[in-house]
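Shown below, as structure tokens, is a lone chain in the form predicted on its own; questions about how it binds or moves come after it.
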């Protein structure tokens, strides 16, 4: 496993592979989102209890799934970076963090919009909502730590440790509706006995979930490629500055020798 990871630790190899994957991910995103939104907003039926407000589900649920998925991805990348000193893993964790924060914010905002007509309130401090809010703050803390130190290596290490410590919140979020008495409904899709949602609603939900996943892959690769390119430019400028300094020092040294 370590040898396989080190093969992909080469930024040049990653740039080649991501360059091949990126167009496909972008095309899948561009195809799935219009289809999913059309099915969710127009083709799927209203719920017999919730009415038209159930359409919030098609954004809220995929965003909540992605909030957990992205944090798990970030924690795994952080572990790889800490254990195997994998440079691309650090870049992946940094690139994923703002995307995960965005998904978490969408989940919180749409959850509030959905909760108001269903529960009669925008927010309650129950286990599910509170743990997702903590997840949002973990994302913000992860982003802040990367830029909190003059030494980028220390920032990356501190952010990686936070990602690993915060990973304990992921199972808490998932099982919170089973462990505690909350207003939030229990799982209706990933549960024993199969989904309790009708197929006419389930398919649009899955298509939107795949659209969110393709969006994440697309912009994760875009951000990682951008970070690697920026790092190469910084290294090139540093080499040029050092080379100019050496060139300026050589005539001065020769003049000193003649003196």
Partner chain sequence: MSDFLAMGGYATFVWWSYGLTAAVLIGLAVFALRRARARREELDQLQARLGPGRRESRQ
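Residue numbers count along the first chain shown, from 1. If you're wondering where the values come from, they're calculated on a predicted model, not measured in any experiment.
The form predicted in complex with its partner chain exists for this protein as well; it is not shown, and the discussion that follows is about that form.
- Out of the listed residues 122, 179, 137, 84, 122 is the one that sits within 4.5 Å of its partner chain in the predicted complex by at least one heavy atom.
- Listed residues 30, 35, 222, 197 were compared with its partner chain in the predicted complex; 222 is the one with a heavy atom within 4.5 Å.
- Picking from 70 to 78, 94 to 102, 128 to 136, 159 to 167 the stretch near its partner chain in the predicted complex, with a 4.5 Å limit on heavy atoms, gives 94 to 102.
- Within 4.5 Å of some heavy atom of its partner chain in the predicted complex lies at least one heavy atom of residue 117.
- Its partner chain is not shown here, and in the predicted complex it never comes within 4.5 Å of any heavy atom of residue 210.
- The closest non-hydrogen atom of residue 15 lies within 4.5 Å of its partner chain in the predicted complex.
- Contact between residue 215 and its partner chain in the predicted complex is found at the 4.5 Å heavy atom cutoff.
- In the predicted complex, the residues of 45 to 72 lying within 4.5 Å of its partner chain by at least one heavy atom are, in order, 50, 52, 53, 55, 56, 58, 59.
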